[in-house]
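Single chain ahead, written as structure tokens, the form predicted on its own.
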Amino acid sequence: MKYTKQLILLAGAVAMAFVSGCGRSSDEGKPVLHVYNWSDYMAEGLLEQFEAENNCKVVYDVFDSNEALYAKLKAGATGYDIIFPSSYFVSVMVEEGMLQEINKANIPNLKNIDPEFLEKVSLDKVMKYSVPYLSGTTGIAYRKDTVKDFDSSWTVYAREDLAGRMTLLDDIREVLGSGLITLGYSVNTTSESEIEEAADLVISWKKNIARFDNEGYKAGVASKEFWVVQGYGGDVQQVIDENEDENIVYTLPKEGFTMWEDTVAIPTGADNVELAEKFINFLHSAEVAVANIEYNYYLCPNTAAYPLLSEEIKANEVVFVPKDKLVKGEQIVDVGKDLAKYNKAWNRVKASK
């Protein structure tokens, strides 16, 4: 599949700046596992535990978008053994020959993965190239101590009285998706007119937001710099807990919202496949899955972990979204060559004043 100009140009820019420093052994002669993951996305102490159990060293790098992950690998970054693409990006990377098949025989803990989740949520249902990691929702968080008359709706971004105090994610599909949902369209539409209509709506919101932001919104909503943010449910719950701030509320907009699954995969050309397989197996042990769920507030679809979770987590609707709310959720999928329509619309959004 020919990919979009935006990602190709981004890949080229990364290539100019990137020099691979991925060695194959540590100074102590231990094998090294190179991991590329989203930031703040693994429970504390797990990397050290894996290192101790496998007499190895983990080198851990982070990214803040699927586009950044894709661009770095496409630009020639070699040496990563484990990566964490979102499920809809897996098909893109498979088409580009960037992922190798999962050898399930070497990962016995895959037996713990929830079969219902695989059937109803996963895009790679037979785990040919990817394995589920964590899953969650994207919605709106607001401060109830500063925002009056809040309505759980994407149209909050039209409120001029909140201008400069709101953020949207810096993500093509999430932001245009919020516009599409508001207009009553699918987040996976391939209709150019619908996508452009969503872009017009987002442009009308843009004058009221402080910026597009994937990371800073968390500190911003905690410090009261921002009052309304588009964000990921688990990230917001972490902010609430860390700051003991009950004035921050996460909500799923009444028009609908996106759901997503992040996966773990082994890139083509990985140097330490055996250690990568051990890492995937480690992530899906019941105890490690519990640690990640309770730290991240996202669902790890691991049936062996469910009985071990605290009652507080089992009752948390950010982790276990009630079925009556799930009906308003839609998962982003790869739209193939039609992504060019999204990129064109997104470029117009970004260029608008």
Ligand code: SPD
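Owing to the predicted nature of the structure, the values given are computational and were not obtained by experimental measurement. Don't overthink the numbering: it's just position in the shown sequence, from 1.
In what follows, reference is made to the form predicted together with spermidine, a form of this protein that is not presented.
- Stretch 231-239 is the contacting one of 231-239, 93-101, 178-186, 159-167, since its residues have non-hydrogen atoms within 4.5 Å of spermidine in the predicted complex.
- For residue 51, no non-hydrogen atom is located within 4.5 Å of spermidine in the predicted complex, even though that partner is not displayed.
- Though the partner is left out of this view, residue 298 does reach within 4.5 Å of spermidine in the predicted complex, counting heavy atoms only.
- Among heavy atoms of residue 66, some come within 4.5 Å of spermidine in the predicted complex.
- The closest non-hydrogen atom of residue 114 lies beyond 4.5 Å of spermidine in the predicted complex.
- Just one of 317, 61, 40, 287 comes within 4.5 Å of spermidine in the predicted complex, counting any heavy atom, and that one is 40.
- Among the residues 277, 213, 194, 262, the one placing a heavy atom within 4.5 Å of spermidine in the predicted complex is 262.
- Residues of 243-257 that come within 4.5 Å of spermidine in the predicted complex, judged by any heavy atom, do not exist; none qualify.
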